[in-house]
Ligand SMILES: Nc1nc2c(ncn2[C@@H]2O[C@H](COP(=O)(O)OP(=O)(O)O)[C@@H](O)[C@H]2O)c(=O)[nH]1
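Before any questions on how it binds or moves, here is one chain, the form predicted on its own, in structure tokens.
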């Protein structure tokens, strides 16, 4: 299948998101359907796969960290996105929250995808702690809207992605490589499957309205590589960032022809034992005998169920909200927002229509 005819599209939003998307494309080998969307004309590495938004409003100079300006720029140019979406059934969106274009344009792009009946999976980085409370607050203000607009959303704190790496250049490369490795393996599961196939329809059914998720990716080698992979994944800080119990697991394994059934069983059993043996579980493999003999890569995606941790009072309110969001009128016609049929009120990256305790992540002792 050629990249142009693929039902999957990788969308990088903003300068950082576009950089990650190009990293995914390089890791995949180049033959991948890609679109970079930005308010900054300087991000256009490949004119054919680049969409400049807000040209009349921002003149290609970027949003300057202004979430509202980026969102308006996306609204101005959203119809130009349609021509890039022919035949697309699943979009993987990579973005960085805390800045202008990632925080503002991503929401409008996700809304457009929903209106067109295209499922979306979002991988969004959140700022380093040292970047300051303003950027963190901006990211938090957008996260709830991303989660509401996307089929599934993975929020990836940069501090946890890079670990204790001291060198800034190496740290950013590690962050991009980790996301690229995981997204690439996810892509290969659909388009270049191995002995155990995960087709696009099964993945779409899994991620449809899945909500928030957790994500981790490891590559190991050696005689006990399967056990080591499971151990590293179970101890991963990325999978420990829990906001709700897990209700589905997606696991992908990349290896060469030396992959043994016992290794595959060890990975599957270890992941299920760690995160829930009774939870729906999907696993797929990718074979790469040319470059992966002796190595084993595993990606794990945990999808969460917010309903499982609600109190009875919260459950009733949540049911009403979900009922509004899943309107019988179809995608995009209902609203889980407090104020219906209105645009959100955004101030310094925060959605003021949400209660303060939600925007500030304050737990209420009910």
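Numbering follows the first chain given and starts at 1. Computed from a predicted model, the values in this text were never measured in an experiment.
One more form of this protein, predicted together with the ligand, exists but is not displayed; see below.
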Heavy atom to heavy atom, is residue 20 within 4.5 Å of the ligand in the model of the complex?
yes
Closest heavy atom of residue 172 to the ligand in the model of the complex, within 4.5 Å or not?
yes
Spell out, yes or no, whether the shortest heavy atom distance between residue 158 and the ligand in the model of the complex is within 4.5 Å.
yes
Spell out, yes or no, whether the shortest heavy atom distance between residue 266 and the ligand in the model of the complex is within 4.5 Å.
no
Could you work out which of 190, 96, 259, 92 is the residue within 4.5 angstroms of the ligand in the model of the complex, going by heavy atoms?
96
If we test each of 131, 231, 237, 115 for a heavy atom within 4.5 Å of the ligand in the model of the complex, the one that passes is 131
Could you tell me if all three of 71, 108 and 120 have a heavy atom no more than 4.5 Å from the ligand in the model of the complex?
no
Pick the stretch from 247 to 255, 145 to 153, 172 to 180, 210 to 218 whose residues have a heavy atom within 4.5 Å of the ligand in the model of the complex.
172 to 180
